[in-house]
Ligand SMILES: Nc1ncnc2c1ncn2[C@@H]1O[C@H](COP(=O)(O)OP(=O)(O)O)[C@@H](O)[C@H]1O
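The chain below stands alone, shown as structure tokens; this is the form predicted alone.
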Amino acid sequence: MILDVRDLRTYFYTYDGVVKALDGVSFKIRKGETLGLVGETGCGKSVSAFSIVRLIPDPPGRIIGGQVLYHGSNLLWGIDREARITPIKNTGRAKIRRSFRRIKAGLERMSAVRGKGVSMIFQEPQTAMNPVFSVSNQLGETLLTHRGLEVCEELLRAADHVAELPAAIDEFFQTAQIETSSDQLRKAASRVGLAAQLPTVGTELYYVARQTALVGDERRREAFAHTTHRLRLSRARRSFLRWQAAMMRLKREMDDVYMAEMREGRIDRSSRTRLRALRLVLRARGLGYSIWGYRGWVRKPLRDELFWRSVQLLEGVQIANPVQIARNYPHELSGGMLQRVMIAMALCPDPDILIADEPTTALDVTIQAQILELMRDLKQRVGSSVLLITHDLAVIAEVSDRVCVMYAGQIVETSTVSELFRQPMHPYTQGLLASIPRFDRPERKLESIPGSVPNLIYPPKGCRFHPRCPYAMPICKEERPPTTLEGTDHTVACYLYKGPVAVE
């Protein structure tokens, strides 16, 4: 089990009262599977995703209880000590006293998980991206944060073999064809020893070949030689890359300490003190690299390498003309292209878990199909587990292995996709499926669920669905139904069923 969410409770403290957005949510994600989370708008799907990665805006939101276990480490460890919540009598509201020191410490621990462990595709890519930075800047920052050590070490290794480049480029020039794909050119570069030095060389040469298609052979050979000139590192640039690699190595050690703390439930003060002291020493050594002008000069090889790695990421999500897209700004791209950029950004650290928060909601049907196919291919290639959040059951049927049905901040049914469509048990799930057209029964009239989602400040007592349920019984209005096991991997929270209580 890669992720285990237990009794997750997230409340929003507003002037009107306390909104119980999540009230005891539990589910599990197995390694390599796609879990769908489906429900009406406002049921708490996105709040569940933001709670897992601790991105709930505080104030007004606050995770008040539960566990999120990632490889045995509780990502919410210590959250109960970050704030003291005191209810205000006869008002339905509460007063919160926050400990900002502990909140900051909790967010520092989460930095060890976000990206490499749990990555997220946000629902609105236009608002999730910074409008004043280009696409390559934002992809490059993500690469540097999570794979900076690898990038710096490969650049330094390439610089050690720079004397071999002229002969390799001549041999590459004799075999390379402009019409070949980037992948084929990478293989050609590997045969002559270029790709062994730096994986992005073949990609860069491919686009240089396309741009110089109409010039003479001599001009094209000069352009090829110019592209690899960035590998001829001066002593100052080598020193900067070694310093940057040391900073990335230190960050990785600190992340390991944070993960151990969340797993063991205690703070490792000795390791923290040692690593913080080492970080101060490294920052003091790198003060010269902060000088305006000089910093830009020493960073140029790293900046160029991050640009071409960003182009490779955009190639992976099948964007046309990735070099131009990498140079563009978010407002210059369409919704489908922005969504692909977000997917590339989320997948560049090769995360264990990918949370996709309604990735196809704002896209037209043809683009939706492309995005879903892209996510399926990338999942198979990278091997990540996926939490797919959507209100579209057709999307769930297309890409998910298991599905959790959510209503008013609670999980009401969990099953495999095939079992859920074959035998839905909860009345809410039955209502959702009854509202979908079926090609095998064109004469059937579509049905709708009467009423609307309840006010979560004053949720209904007992089962939260009972005001809209056609099978409601007196006990449904008094007590919350337990989650019972009604099959091998099928659980439901409803008094209509009398199976054994499911063990979380």
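A residue's number is simply how far along the shown sequence it sits, counting from 1. Quantities reported herein were computed from a predicted structural model and do not represent experimental measurements.
Although it is not shown, the form predicted in complex with this ligand is what the next lines describe.
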>> Each of Thr14, Ala21 and Gly42 having a non-hydrogen atom within 4.5 Å of this ligand in the predicted complex: is that the case here?
In response: yes
>> Even though the partner isn't displayed, in the predicted complex is Ser46 close enough to this ligand, meaning a heavy atom within 4.5 Å?
In response: yes
> Does this ligand come within 4.5 Å of any heavy atom of Pro60 in the predicted complex?
Replying inline: yes
> Using 4.5 Å between non-hydrogen atoms, is Leu456 touching this ligand in the predicted complex?
Replying inline: yes
> Taking heavy atoms and a 4.5 Å limit, what residues of 252 to 278 are near this ligand in the predicted complex?
Replying inline: none
